[in-house]
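Listed next as structure tokens is one chain, alone, in the form predicted alone.
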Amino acid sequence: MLIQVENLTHIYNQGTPFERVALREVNLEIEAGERIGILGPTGSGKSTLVQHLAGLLKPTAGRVLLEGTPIHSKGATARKLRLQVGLAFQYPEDQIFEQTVFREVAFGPRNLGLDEAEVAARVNWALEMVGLDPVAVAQRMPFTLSGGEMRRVALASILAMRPRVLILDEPTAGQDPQGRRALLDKVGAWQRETNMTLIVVSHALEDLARLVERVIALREGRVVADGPTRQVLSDVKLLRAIGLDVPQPVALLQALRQAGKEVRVDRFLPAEAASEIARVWGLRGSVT
């Protein structure tokens, strides 16, 4: 087992009037190579959970194991394991600090002790992976970029480390629809090529439907669902109970089923829903 979360509890400002329980006895197991989505309303504990998976927070109770080693423990083994987990935050200003895009993306590979030729190759590859032209942006100051471009630079700095576990917190925030799809397609292709473990936090259920095979849903710091993507995202009752909007294609198919049509409701993408409707109505031709 790659990652084990055992009775994980996290309390912010414990013992003060501002005490807040963010996670409550969470238990999870994640295999190597899995593609996992984490969803839930604001304040459900999503970001706190992934920061624990990256070893950035110390649990109030419980523990996170990476390959059997407590990720928060001291020592060279735990430190080496933490370097194998890359977390790209939702807000790039939380992690961007270098003077140029090149130096920002190169920071991690240089800390790995790689020679400059390999560092440069990784920087160029990572920038291309996130849809940025290395020639155009490498020498620019990160804070002269747009918010969407900064998020791509932050992601590139993680990709350049070639992590075994990649955690993306709202990776498509601030991206236009075309950019969102291109970014998700590239990340998905790299995951399939390398078999890395991918964990994605997102409010965009369509993004999760495109990218992950398993979804974990949180509410008030507890896991309330954990299962195959199509099963969880088509559970209208669950989604509404935890305060999330039902994907529009699912809502449409659910309405058709209630009207007596024998349609599948686990179709989240617009093209999938259109094809299902065409099938039920006996329409010819493909829908794309």
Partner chain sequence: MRPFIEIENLKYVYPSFIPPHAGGQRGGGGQIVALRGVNLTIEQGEFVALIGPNGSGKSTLARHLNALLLPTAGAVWIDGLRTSDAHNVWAVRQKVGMVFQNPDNQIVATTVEEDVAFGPENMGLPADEIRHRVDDALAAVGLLDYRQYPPQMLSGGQKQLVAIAGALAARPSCIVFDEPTSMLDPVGRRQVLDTIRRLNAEEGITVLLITHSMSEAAMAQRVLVMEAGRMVMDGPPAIVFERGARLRALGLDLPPIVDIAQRLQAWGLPLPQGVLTVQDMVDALC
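Residue numbers count along the first chain shown, from 1. Predicted model, so just to flag it, every value in this text is computed and none were measured.
Omitted here: the form predicted in complex with the partner chain. The next part is about that form.
Chemist: Let me test this: is every residue among Asn27, Glu67 and Arg219 within 4.5 Å of the partner chain in the predicted complex, going by heavy atom positions?
Modeler: No, none of Asn27, Glu67 and Arg219 comes within 4.5 Å of the partner chain in the predicted complex.
Chemist: Between Pro59, Gly45, Gly55, Pro249, only one gets a heavy atom within 4.5 angstroms of the partner chain in the predicted complex; which residue is that?
Modeler: Of the listed residues, the single hit is Pro249.
Chemist: Residue-level contact is defined here as any heavy atom of the residue lying within 4.5 Å of the partner chain in the predicted complex; does Val135 satisfy this criterion?
Modeler: The answer is yes: Val135 has a heavy atom within 4.5 Å of the partner chain.
Chemist: Does the 4.5 Å heavy atom contact test between Ala173 and the partner chain in the predicted complex come out positive?
Modeler: Because a heavy atom of Ala173 falls inside 4.5 Å of the partner chain in the predicted complex, the answer is yes.
Chemist: Spell out, yes or no, whether the shortest heavy atom distance between Asn124 and the partner chain in the predicted complex is within 4.5 Å.
Modeler: Flag for Asn124 set to yes.
Chemist: Hey, in the predicted complex, is Ala255 touching the partner chain, heavy atoms inside 4.5 Å?
Modeler: Yes, Ala255 lies within 4.5 Å of the partner chain in the predicted complex.
Chemist: Out of the stretches listed (28 to 36, 259 to 267, 222 to 230, 47 to 55), which one is close to the partner chain in the predicted complex, meaning heavy atoms within 4.5 Å?
Modeler: The contacting stretch here is 259 to 267.
Chemist: Check each residue of 59 to 74 against the partner chain in the predicted complex and list those with a heavy atom within 4.5 Å, in sequence order.
Modeler: Contacting residues: none.
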